[in-house]
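One chain is shown next in structure tokens, namely the form predicted alone.
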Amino acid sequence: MHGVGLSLGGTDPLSNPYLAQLKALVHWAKPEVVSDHICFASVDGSYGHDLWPMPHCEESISHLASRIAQVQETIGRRLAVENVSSYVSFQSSTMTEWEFVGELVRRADCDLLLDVNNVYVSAHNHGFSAAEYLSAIPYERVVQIHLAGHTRENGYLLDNHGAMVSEAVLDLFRAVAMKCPEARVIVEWDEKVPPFEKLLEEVHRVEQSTQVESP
């Protein structure tokens, strides 16, 4: 069960009506994973319906960890948080994104939803190594993996969920899948959605990408 409305990084108080509805839905549906994003999505009570990135610093970790704890206490189970794609960086950041994500999930004692495409997109946009990022992930926390397509515009990569998973992302995924083989994998495609048969082909392509051929 994947959400986009918690605004875990926002400064507005967490919405009690939203949390109550989330708790009721979780108890009714009993999903394998409950997740949202490492981001903020609201300012002064207004929701942008987007996933805005956080500065990578101690203050953000403390703020997010306390709000994640509030959500987990309310719903009575662990929450998985997802790394987002980003297109801006903050002068107030004092650590890398992978250091930030790793420390956050440890401090909050929550799970991680690792989006490999988001890592690749952000690495391209900010000039860091996606492989270095993924080598530092606490894989014992990863309960789900997301893959998706992206597009290129004006030199940036945009996470648009509207294309096949790139070969470069699949290469990263192969290494990730070996480190957390029990994690579930979801291929996201929610823009320019092709016929169902094409979606099945993409699922099979991803499945086959992790199969090791016999010598």
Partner chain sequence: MRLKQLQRVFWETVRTEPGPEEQDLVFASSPSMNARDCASIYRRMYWYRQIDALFDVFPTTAEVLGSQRFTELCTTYIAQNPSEHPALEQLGRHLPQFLAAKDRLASGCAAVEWAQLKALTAPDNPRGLTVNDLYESETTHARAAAAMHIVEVERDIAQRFIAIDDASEPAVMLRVARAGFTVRIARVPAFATSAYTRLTKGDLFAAVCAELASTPEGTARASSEIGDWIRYEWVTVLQG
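As the structure is a prediction and not an experimental result, all values here were calculated from the model. Positions refer to the first chain, counted from 1.
There is also a form predicted in complex with its partner chain; it is not shown, and the following applies to it.
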>> For its partner chain, considered in the predicted bound form: do all three of H146, P181 and T210 come within 4.5 Å of it, counting heavy atoms only?
In response: no
> Going by a heavy atom distance of 4.5 Å, is V43 a contact of its partner chain in the predicted bound form?
Replying inline: yes
> So, in the predicted bound form, is T96 in contact with its partner chain at a 4.5 angstroms heavy atom limit?
Replying inline: no
> Quick one: is G76 in contact with its partner chain in the predicted bound form, heavy atoms, 4.5 Å cut-off?
Replying inline: no
>> Using a 4.5 angstroms cut-off on non-hydrogen atoms, would S92 count as touching its partner chain in the predicted bound form?
In response: yes
>> Using a 4.5 Å heavy atom cut-off, which residue among M164, A65, L51, L172 comes into contact with its partner chain in the predicted bound form?
In response: L51
>> Based on heavy atom distances of 4.5 Å or less, which listed stretch (30-38, 182-190, 51-59, 164-172) is in contact with its partner chain in the predicted bound form?
In response: 51-59
> Does anything in 184-199 come within 4.5 Å of its partner chain in the predicted bound form by heavy atoms, and if so which residues, in order?
Replying inline: none
